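Have a look below at one chain only, the form predicted on its own, in structure tokens format.
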């Protein structure tokens, strides 16, 4: 992923464009998310924020990430029920998740095609389609980790 370096004034403007009040803690969380444009878990974000300023609680990180998601600033990437990552790249794309390493990489939207979509319930429209391709080394089954 490409880094999206933002100055503090640029981060303030970004948050305001998404209707988010730019508090100190929200700015610190945004800085971590957008500094390297990585897929990070809430725990990874908390650790990086607190390396710089040990004053942010776990609840603040989770609440801020929820707000960022609701306002379209980041997207959740749920690779399994226990592993959620936050992606600052909100353009249409999909993901490849390496089960062995925990690494997530982007797949350009145009690299995948769907032949058909399911019929939607009456009155519903498609908001988006998220595809996660999960990969692992072949020997993982024999080691009792999978299968």
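Whichever C-alpha set is largest while still superposing within 1.5 Å between the two forms counts as the rigid core. Numbering follows the first chain given and starts at 1. The structure displayed is predicted, hence computed values, not measured ones.
The same protein also has a form predicted together with a further copy of the same chain, omitted here; what follows describes it.
- Heavy atoms within 4.5 Å of a further copy of the same chain in the predicted bound form map, among the stretches 55-63, 90-98, 27-35, 41-49, onto 90-98 alone.
- Contact check for residue 23: every heavy atom lies farther than 4.5 Å from a further copy of the same chain in the predicted bound form.
- In the predicted bound form, a further copy of the same chain lies farther than 4.5 Å from every heavy atom of residue 16.
- At the 4.5 Å threshold, heavy atoms of residue 135 reach a further copy of the same chain in the predicted bound form.
- For residue 128, a non-hydrogen atom is located within 4.5 Å of a further copy of the same chain in the predicted bound form, even though that partner is not displayed.
- Contacts to a further copy of the same chain in the predicted bound form (heavy atom within 4.5 Å) from stretch 99-129: 99, 107, 111, 112, 113, 114, 115, 116, 117, 118, 120, 121, 123, 124, 125, 126, 127, 128, 129.
- Comparing the forms between this form and the one not shown, the C-alpha position of residue 51 differs by less than 2 angstroms, with the core used for superposition.
- When the rigid core is held fixed, the Cα atom of residue 124 travels 2 angstroms or more between this form and the one not shown.
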